[in-house]
Ligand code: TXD
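To begin, one chain is listed below as structure tokens, in the form predicted alone.
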Amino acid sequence: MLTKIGIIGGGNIGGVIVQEIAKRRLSRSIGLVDVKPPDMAMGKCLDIAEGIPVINTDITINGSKSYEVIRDAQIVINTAGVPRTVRPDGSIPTRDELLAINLQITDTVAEAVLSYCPNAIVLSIANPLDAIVFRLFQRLNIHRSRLIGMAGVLDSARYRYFIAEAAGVSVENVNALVLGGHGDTMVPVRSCCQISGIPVEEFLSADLLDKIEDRVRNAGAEVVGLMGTGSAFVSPAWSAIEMIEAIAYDKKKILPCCVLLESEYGVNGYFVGVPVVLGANGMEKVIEIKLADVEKQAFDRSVEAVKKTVEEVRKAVI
């Protein structure tokens, strides 16, 4: 059990993360900050705290509009940002369209981390994921092991679910991996997709797999379109929790995460989704896998899309 975990952003994702940390006893103390009035973070934390006697756990849960509540956190989860919401004309903004406003929010987040918990491992969920993590890196200037974006765990979970549903098998039997940027160019790696160790092509046709993989790339927008207001929140929160557990329990678990690459996969200086080992020290190792030619081409295209977004970050006022 960790001593303290901090969560920045008290919206739907932040709220689920707090309750899951409490339920799973991952930390003795939780600090949730949300600057929006009236007192969203305080209210959510009080609600959860009043329920902890029911789940028989003794932890401290504090919410505040002040970033000081995350002081001395060992892990900080950044969920702060404007979510995708259906516009009046029915269109849905892309993750990249949220960049300008969310960069401003990210700058404030980075300042708070530096002020109150400069040694924390930072997990970021806010979109556009790859660009926001890069901005945090610009601001925090910390070792790459301590700054990790959550995207691949969620995208891979969606891939697994759609495969299991189509094949009529348990999700526990499905292994799947999604790499690259967290956007329309993400790469579901079919060569790594197996059902109980058996290649997925033994169960599903190539045409159906194409459709499933396209659905994976647009899964976030699908949820936004159905909900109308806001975006997915339970699945991203659970995905973050899987990463937190890997770090808290020093599992050395291999998970797809957005990390700074330093020549791996032929990429240098950009945050891209790849398999990594997560343990007590954060991102402890990048795992390089052999991709099929078509997958490598798709991965390279995804990296180019990430670079394009990052260039917008570089041009932004620092």
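Sequential numbering from 1, following the sequence displayed. Computed from a predicted structure; not experimentally measured.
Although not depicted, the form predicted in complex with the named molecule is the subject of the following passage.
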Open item on the list: in the predicted complex, does Q19 come within 4.5 Å of the named molecule, counting heavy atoms only?
Closed with: no
Task: 4.5 angstroms heavy atom contact with the named molecule in the predicted complex for P188 - done: no
Task: Distance check, S231 to the named molecule in the predicted complex, heavy atom within 4.5 Å - done: yes
Open item on the list: I8 versus the named molecule, in the predicted complex: is there a non-hydrogen atom within 4.5 Å?
Closed with: yes
TODO: Have a look at A131, A151, I163, I77 for me and say which one sits with a heavy atom within 4.5 Å of the named molecule in the predicted complex.
DONE: A151
Task: Candidate from N119, S196, S170, T108 lying within 4.5 Å of the named molecule in the predicted complex - any heavy atom - done: T108
Task: Whether I70, V113 and L147 all lie within 4.5 angstroms of the named molecule in the predicted complex by heavy atom - done: no
Open item on the list: Only one of 283 to 291, 30 to 38, 262 to 270, 47 to 55 has heavy atoms within 4.5 Å of the named molecule in the predicted complex; I'd like to know which.
Closed with: 30 to 38
TODO: Select from 123 to 150 the residues with a non-hydrogen atom within 4.5 Å of the named molecule in the predicted complex and write them out in sequence order.
DONE: I125, A126, N127, L129, M150
